[in-house]
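Two separate entries follow, structure 1 and structure 2, each one form of the same protein chain as structure tokens.
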Structure 1
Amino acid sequence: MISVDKVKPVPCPYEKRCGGCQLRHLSYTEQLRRKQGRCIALLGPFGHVQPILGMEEPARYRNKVHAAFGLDRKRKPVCGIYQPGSHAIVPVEDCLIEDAESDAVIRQIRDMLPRYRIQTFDERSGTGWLRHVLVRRGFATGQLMVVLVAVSPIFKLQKPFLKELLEKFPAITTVVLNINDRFGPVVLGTREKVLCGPGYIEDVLCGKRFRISPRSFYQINPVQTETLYGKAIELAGLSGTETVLDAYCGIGTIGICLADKARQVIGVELNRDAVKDAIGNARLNGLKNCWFTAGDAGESLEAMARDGFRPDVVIMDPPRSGSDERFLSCVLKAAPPKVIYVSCDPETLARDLKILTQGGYQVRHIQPVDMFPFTEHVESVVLMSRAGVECTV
């Protein structure tokens, strides 16, 4: 693990063209100060904002690395990051916030292309084959998953290509071919072919084991995820008798990490692949008190409420766009004693907190967590309760 100077800004050779790290020009200490200020500005009106929990070593934290493949002006294969607002690729060899081994796998694939006569896809002419490579690493297990995103399932020299790649990187436990023949910004298509291994990797969080498929959401900074989940679970103050709703549950990570402390956990998630992973994950951890269902969070909660479902604790972790009227009004109707909101965007969080506080909830604790050092993004976890409900914080 390299050590990052927290007092001085860390130089990066791609800084000018990449745009991935909006706060690269600031020292880590200054970045944290800025994020704290943003949280206070947006969330301060709801209560005291605790000091942000930063990283001990804010480098190489990303367990998921994505590289776009294309041709440079001389029609030579390149891989890297899209320049902001365009489809020009900034060639990136090695990135300070990405897992080093995943970056090495991507470089290796790039260097192997000519020998295996693999053409990168050219958006202008619509010719070529390989569009993106995605590498995910389980930091706790060391397992590597490689996803090749291409326009067709035909991979002529697949066998020798995989043989060489796996020989160079024995940590690769699975390779998946994802087929995406559509134009547009979405990286992964809906069709997949497992080329070797089980088609997923495993990782460990808070002592629980998780199976991660190519298209499932999984937190990209596992070190800080444990801090974040630990805080959310602490704030839930569970005694073992509660029914917990894990809304926007992804592969079930939050619910499964707290399942030992609750009577039962119900998870709701839109992405069917993630729900399959969540069900597998509950089984993998020998948990018999977790159920997961696929669907829109608001729609599902409405249907469950009609059947008399009354959660004691709602944990919600929506995407950056935040929650919606339907889900929030259902929460207000179901009136669980505690709501824990995990958010990756303080702006949409503030918008949703306004609705929940106007509906009778009191904000009891606001904790920012730095999940994305060097970028402008900031995560927060907020505990709310109905008046008179005792909280442990």
Structure 2
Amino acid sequence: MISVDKVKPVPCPYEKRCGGCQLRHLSYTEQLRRKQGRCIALLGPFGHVQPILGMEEPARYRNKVHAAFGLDRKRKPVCGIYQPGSHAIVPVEDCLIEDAESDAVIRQIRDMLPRYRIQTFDERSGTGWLRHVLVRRGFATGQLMVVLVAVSPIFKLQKPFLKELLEKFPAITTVVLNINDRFGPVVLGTREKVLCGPGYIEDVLCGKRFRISPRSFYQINPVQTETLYGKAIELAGLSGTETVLDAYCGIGTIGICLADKARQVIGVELNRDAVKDAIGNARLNGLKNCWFTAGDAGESLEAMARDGFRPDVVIMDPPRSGSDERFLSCVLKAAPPKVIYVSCDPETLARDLKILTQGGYQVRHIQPVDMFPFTEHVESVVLMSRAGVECTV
């Protein structure tokens, strides 16, 4: 296990070509100081920014590992990540921020390819079969999912290949073949074939169990996700009588984690596959006060307002691009007493906070959380309330 020195930068042999860890040249202490400064510069005008919550052990935190496959100059299979701005593969044996066992699975698959006559895909000639390998791991359960991304569903020598892989890694509980025969930057295609196991793995987050399928959105860093969600739930200050709207709910993680503290949770998400996962996850945890629906969160808020109903708390966790003006205007019209904004980009968060504060909300608490050590990214959770609403934080 690689221990991260919080005082000295931890060297990486792929740093110059990879580009994934923009802050690898800094010690972890300096990284946190830099992220804190960025949050203060962008969010400070709205209120006091709490000290950033970092990790005790900021290494091997990624539970989702993706490797592109190709050929080197000697026509031998290689795996790694794309160099920034190109499709040239940087061969990576072991990444300091990725789960070590997942990396080992990918190396094993690479080494097995010649013996099973499996060709990696060549974009220039359009020949070959295997394009990518995706490995997801449940940190709490230890379960591993392997997703082979190929150009066709025909998998010769499938049985002996899987037999060897599963014998080598007993933690693998499912293997899925994903078919992607299109050119472009999208890794996963829309067709899938389960080769063994149930087609999903399970993990535990904040005491709740979640099923994760190949295309499910699930937070990359489960350790810090518990910190982030725990802070969001704390700031919501639920007493058990509230109706919570979980906007941009994904597979329902935040809503399900706080469901025990609310009267009811209504989750809204555009992605229908994610909504199916959310419904299944609520059922998996025996929750009867959660409802998830596919649709636009802003339209749902408008419909609630027309019916004379408003949620007590809105929790929003939009993509990196932030929320859209329509949804924010719907929040201002519905005027829920509290809004919890979970953000993965302080720049778009600052933009959206300006709209909400101009519309009558007051920022009560700003808490940065380091979800992605060694990168520039920083998440934040912000509590806002209408004037006159009591908030104890």
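Throughout, rigid core stands for the largest set of C-alpha atoms superposing within 1.5 Å between the two forms. Residue 1 is the first residue of structure 1, and the numbers go on in sequence order from there. Small disclaimer: the values here were computed from a predicted structure and weren't measured.
- Two forms of the same chain are shown on their own. Structure 2 is the form predicted alone.
- With the core superposed, G286 shows a C-alpha displacement below 2 Å between structure 1 and structure 2.
- When two forms of a protein are overlaid on their rigid core, residues whose CA moves 2 Å or more are considered shifted, and F217 is not one of them between structure 1 and structure 2.
- The Cα shift for F309 between structure 1 and structure 2, taken after rigid core superposition, is 2 angstroms or larger.
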